[in-house]
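Quick heads-up: it's one chain on its own, the form predicted alone, in structure tokens.
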């Protein structure tokens, strides 16, 4: 689905990504982990075509990135680290989710039955269906993030790219979000790439882990990663890794699952 070959990105003569090669299959849920400044956001922006690489190529569906972007009917869902929505605007949730379909001066237009059903479906999926006709400025930070996730899904993307999607979301809903994303990948065959600092949860839910710090230090099935060894190399210091399991009786994540 997504192939990156010998990708190098330099910005102001500083190497941000160094000779990255990887392959992500259709329907895989991949977590990208690494310290601040590791190049994680730069990598996904390069995959999206928002940053031009210094060298190397990105292929999607065996097409070079530019050709894929011109393909009729393609759609990549992207949730950036910092919201692109002005949450202080007097806009309803339904309008925010359908914002890309709204023409100038078209807010509060009459939506089709199919559009409204789709908005309702995805808002319900992310637990904010009851906010469909509320104004976005009335939402909490976590609710705004869930609305943003619904907006990413409204076009039924082939690929979903998330940069720190759990920003402002409480730990209980984090679990539901991870489970939902895992289901979208396995059941709807959506390819999901998620940047996160939530090491314990990511290692529990994703299919594959990419450990990045300028170079790609690993790209493996979750069960095949020697966490202590790789993370020491990537983060440059000894770390205590906590992986959530059935034994975490007092863990908020496991409590949320019961």
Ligand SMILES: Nc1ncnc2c1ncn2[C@@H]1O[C@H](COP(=O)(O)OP(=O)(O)OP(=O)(O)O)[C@@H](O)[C@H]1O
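Positions refer to the first chain, counted from 1. Predicted, not measured: the structure shown is a model, and the values here were computed from it.
Only in words, not in the display: the form predicted together with the ligand, which the text now covers.
- Note on contacts: among 56, 27, 35, 200, the single residue with a heavy atom within 4.5 Å of the ligand in the predicted complex is 35.
- Contact with the ligand in the predicted complex, defined as a heavy atom within 4.5 Å, holds for exactly one of 140, 134, 186, 81, namely 81.
- Proximity of residue 179 to the ligand in the predicted complex: non-hydrogen atoms within 4.5 Å are absent; the residue sits far from the partner.
- In the predicted complex, the ligand sits within 4.5 Å of a heavy atom of residue 164.
- Residue contact check for residue 42: one or more of its heavy atoms lie within 4.5 Å of the ligand in the predicted complex.
- Mapping the unseen interface onto this chain, residue 16 counts among the residues with a heavy atom inside 4.5 Å of the ligand in the predicted complex.
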